[in-house]
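So this first bit is one chain, no partners, the form predicted alone, shown in structure tokens.
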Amino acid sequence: MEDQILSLAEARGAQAEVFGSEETRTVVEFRANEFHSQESRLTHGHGLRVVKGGRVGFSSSSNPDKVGELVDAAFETAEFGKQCCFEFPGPEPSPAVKTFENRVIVLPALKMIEWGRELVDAVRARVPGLKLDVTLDRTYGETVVANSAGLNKRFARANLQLSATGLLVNDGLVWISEFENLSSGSPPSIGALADRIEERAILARSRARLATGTYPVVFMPTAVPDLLYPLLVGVGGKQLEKGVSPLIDKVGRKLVDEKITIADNGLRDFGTASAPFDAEGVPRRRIELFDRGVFNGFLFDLATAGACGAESTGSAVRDYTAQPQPGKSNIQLLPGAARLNETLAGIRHGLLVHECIGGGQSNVLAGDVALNVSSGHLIENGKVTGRVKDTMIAGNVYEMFANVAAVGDTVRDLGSYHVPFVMFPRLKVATRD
């Protein structure tokens, strides 16, 4: 199919690129401790990008019987497309990365249901009053990129993820979430998941009060992605091209604490966004965005690199219905040396944050955040005590990360984020107490 589309486009005197994807997704859901559904869905289609008269045209289709219409539409849009400032890449070897495990591909849906039931039963035995939702989500897909420069690459990826959210009613609603990336083929650690949910449920039964003020705050790994998000928006080449990134003219400067090293690693084995090449066929690689606090540079696809006078970093992302744009793959915050128990023991009065509602960001490009803490606990004299309610943390992530007290020595795999806990010595915390 890709060869046929490419041949038709080239016959009309254009440079062309075909992106094809096919994905099968199976989702098993439990709601409020009961089995709810099992669904499977197949999606497939092709996107065609052409360069005609120096301008870029694009179209997409999921109908294999309308290849002619797909090509016609791409050429029609080229008349109104952006000026092209890049060339399609030629054949180039791609690095090795593990993107699928056969045990995930052949896993029966009945086994996914069995795992969900085991987790529900284990949690119910520990926390009788808790209502648990469990989702097991498996995707298996193949991606192909071919272009008129002679590139023709394809790869397969299989992801399996378990997410669980418990609802506990205790002086209001308490949400407790857990996650495991099972893409390497390992079964879920039912006992460990249930233990963590039980521990959070026990802490949630005690109510604690925290007055508005400035406190040391520990963000557990599950809450760290909410803080990283504004930084990752800023490193996008698209923001540099538009002239709106706060990181313009700051490459090579120390912007955050030297304890902070953040990498975009598309080559992490069994990462949920891992791939040997990006959505334009450019080889993936590990990119250190911040190295011990120093900003190293932006993420580019072909178009933004061409517009900014740079080279692609192999960071193009897309589905078949859209043109590429630069984006993240698997984000790694490198671990530090701090142990959680020792870190908590050194806090006389502070806040432990497990989860925040939504992103909570206000002016994302500027790095401003206003995070509603949906699961947080008071730290008193080194001990985690009761749950705090109606609590918000506001500030600017560039200022927050400029002063980090500790980074944990253990990394949690959260799918496309691999992060430890982070402790800030002083953050503004607003409450209703």
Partner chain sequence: MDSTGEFGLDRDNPECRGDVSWANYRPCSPAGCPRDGLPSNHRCCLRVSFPESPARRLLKGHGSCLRLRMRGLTSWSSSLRFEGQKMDNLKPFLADVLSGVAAQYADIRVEESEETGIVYRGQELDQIGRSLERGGCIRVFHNGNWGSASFNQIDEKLKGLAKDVAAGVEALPAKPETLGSLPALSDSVTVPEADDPREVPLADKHALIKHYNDILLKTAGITTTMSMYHDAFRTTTFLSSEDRCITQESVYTGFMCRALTRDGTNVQDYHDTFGKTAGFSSLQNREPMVERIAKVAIELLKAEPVPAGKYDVIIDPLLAGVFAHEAFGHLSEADFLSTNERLRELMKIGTRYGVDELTIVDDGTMPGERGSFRYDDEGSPAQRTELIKEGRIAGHLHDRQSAQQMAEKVTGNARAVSYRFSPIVRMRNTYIEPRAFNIEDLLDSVERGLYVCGSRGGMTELESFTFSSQYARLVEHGRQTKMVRDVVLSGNIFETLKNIAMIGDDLVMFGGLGGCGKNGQGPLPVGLGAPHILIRNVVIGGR
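Quick caveat: nothing in here was measured; it's all calculated off a predicted structure. Residue numbers count along the first chain shown, from 1.
The form predicted together with the partner chain exists for this protein as well; it is not shown, and the discussion that follows is about that form.
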query: Contact stretch among 183 to 191, 139 to 147, 281 to 289, 308 to 316 - heavy atom within 4.5 Å of the partner chain in the predicted bound form; finding: 139 to 147
query: Distance check, Y215 to the partner chain in the predicted bound form, heavy atom within 4.5 Å; finding: no
query: G81 within 4.5 Å of the partner chain in the predicted bound form, heavy atoms; finding: yes
query: 4.5 Å heavy atom contact, T43 to the partner chain in the predicted bound form; finding: yes
query: The partner chain contact in the predicted bound form: S416, any heavy atom under 4.5 Å; finding: no
query: Check all three, L70, G172 and N372, heavy atom within 4.5 Å of the partner chain in the predicted bound form; finding: yes
query: Contact assignment for the partner chain in the predicted bound form, among K259, K238, R268, H354, heavy atom within 4.5 Å; finding: K238
query: Residues within 4.5 Å of the partner chain in the predicted bound form, restricted to 298 to 332 and counted by heavy atom; finding: Y320, T321, Q323, P324, Q325
